[in-house]
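Only one chain is shown below, in structure tokens, and it's the form predicted alone.
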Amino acid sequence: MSSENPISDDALREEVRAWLAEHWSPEQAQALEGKQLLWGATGELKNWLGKVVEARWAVPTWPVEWFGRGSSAVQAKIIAREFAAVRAPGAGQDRSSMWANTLLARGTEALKAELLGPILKSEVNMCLLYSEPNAGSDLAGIRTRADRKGDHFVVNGQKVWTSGAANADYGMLIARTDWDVPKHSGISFFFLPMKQPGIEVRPLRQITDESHFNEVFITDAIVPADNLLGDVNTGWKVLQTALAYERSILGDAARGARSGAKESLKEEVLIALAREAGVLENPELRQDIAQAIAYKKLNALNNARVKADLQQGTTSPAMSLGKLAMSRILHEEARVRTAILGAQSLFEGSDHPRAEDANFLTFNAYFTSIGGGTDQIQRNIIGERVLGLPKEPEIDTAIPFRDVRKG
């Protein structure tokens, strides 16, 4: 269905329900519950996602030639709600997949034909090759290099804080391709094949005892010139598009408890926890719980505005508000959970699941404070681009990167 052949909201809703009734079951919902899409998918989940993509429910706002229906944002929400109502995954990737949306916006027709379908079906796994040990939070300071050799580039350098690198088939890579221009002007953006000699992934142990983050060492790795997004040396602009999607996703998608229980993310969970602990009448806790819920409501409204901007082709700096807000929400919710549990929060292990969840969320909140640009970077963006405050002095934006001092 395209925008040239519109369908009413009610007719669309009935079409989605009929399709789900034919292809989806409560047993599938139970079997696929908790299967994540970000770092990998089971064969069963891939099979289901293939059906969703082929039926054009995965990215309904996209053009028809790229698995979409040309639907409006309102109708995309109708589809997503119907899928959510029966706990069916796969719809709404035109809002949630930074990989697919970045490729659609900036990739060549050939690269889109090769990878858009597999990405939407989770047939390929992706990671982000942005941060570097010596670049800090200033991605324009990267020193990983990509040198043109005929029809490909040779990549050398090191990346860090790379989630999902161990399972990734491709990495969205920013690399320096011109050292004789200012730092923002000599960067290019690639889809780097990860399964090749010259790429070594070393896991980093996190405070939660997980290892989602990795170091990636790249030595003479090859990336075809056809895997370039945008033109050579225009990677900074492509990166802004990718970061916009990433911050939008981080702005309204938080990780739940260690158990993965989705109910841990619902607004009512703090109320239920306080009732269970017998402290719901405590006036200070009631105020804390109300404030945490208000943060979530406000953030949801802001994110809706940002996603509307993205669908119109605008990369609004307001997305930094959402990303920063989610970081604050997670820290605040972890604090309130701990306050509700009181001394119980000192326990750990499977015999104390409430304390286990509260402590996990406390540690894990720092993930959101760092990932997708640190909280400090978001505050700078908000100050300069949203509030219009003076920019921080930058002494290296107008000189060739080759002459920028290291360290």
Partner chain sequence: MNSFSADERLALRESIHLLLSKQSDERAVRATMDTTSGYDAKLWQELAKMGVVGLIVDETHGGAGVGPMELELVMEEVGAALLCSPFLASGVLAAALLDALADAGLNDRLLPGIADGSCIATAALTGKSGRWTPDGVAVSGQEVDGEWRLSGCASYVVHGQNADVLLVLASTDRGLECFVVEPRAAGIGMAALPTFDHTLRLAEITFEGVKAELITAQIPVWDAVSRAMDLTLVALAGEQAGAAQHCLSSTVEYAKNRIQFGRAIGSFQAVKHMAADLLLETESALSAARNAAARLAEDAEAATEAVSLAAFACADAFVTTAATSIQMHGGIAFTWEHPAHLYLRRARADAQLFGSSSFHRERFIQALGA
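In this text the structure is predicted, and so the values were computed from the model without any measurement. Think of the rigid core as the biggest set of C-alphas that the two forms share within 1.5 Å after superposition. Numbering follows the first chain given and starts at 1.
One more form of this protein should be noted, the form predicted in complex with the partner chain, which is absent from this view; the next part is about it.
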Exercise. According to a 4.5 angstroms non-hydrogen atom cut-off, is Gln291 in contact with the partner chain in the model of the complex?
Worked result: yes
For this session: Using a 4.5 Å heavy atom cut-off, state whether Glu268 contacts the partner chain in the model of the complex.
Result: yes
Problem set entry | Close approach of Gln376 to the partner chain in the model of the complex, 4.5 Å, heavy atom | yes
Exercise. Is there a heavy atom of Pro317 lying 4.5 Å or less from a heavy atom of the partner chain in the model of the complex?
Worked result: yes
Exercise. Counting only non-hydrogen atoms, which stretch in 71 to 79, 172 to 180, 317 to 325, 122 to 130 is within 4.5 Å of the partner chain in the model of the complex?
Worked result: 317 to 325
Exercise. Taking the partner chain in the model of the complex as the reference, which of Lys112, Arg145, Arg202, Arg286 has a non-hydrogen atom within 4.5 Å?
Worked result: Arg286
For this session: State the residue from Arg305, His184, Lys237, His331 whose non-hydrogen atoms include one within 4.5 Å of the partner chain in the model of the complex.
Result: Arg305
For this session: Can you tell me which bits of 160 to 191 touch the partner chain in the model of the complex, meaning any heavy atom within 4.5 Å?
Result: none
Exercise. After the core is matched up, is the C-alpha of Glu281 off by 2 Å or more between the shown form and the other one?
Worked result: yes
Exercise. Does Ser188 count as moved between the shown form and the other one, where moved means a C-alpha shift of 2 angstroms or more after fitting the rigid core?
Worked result: no
For this session: Kindly check if the Cα atom of Asn299 is displaced 2 angstroms or more between the shown form and the other one relative to the superposed rigid core.
Result: yes
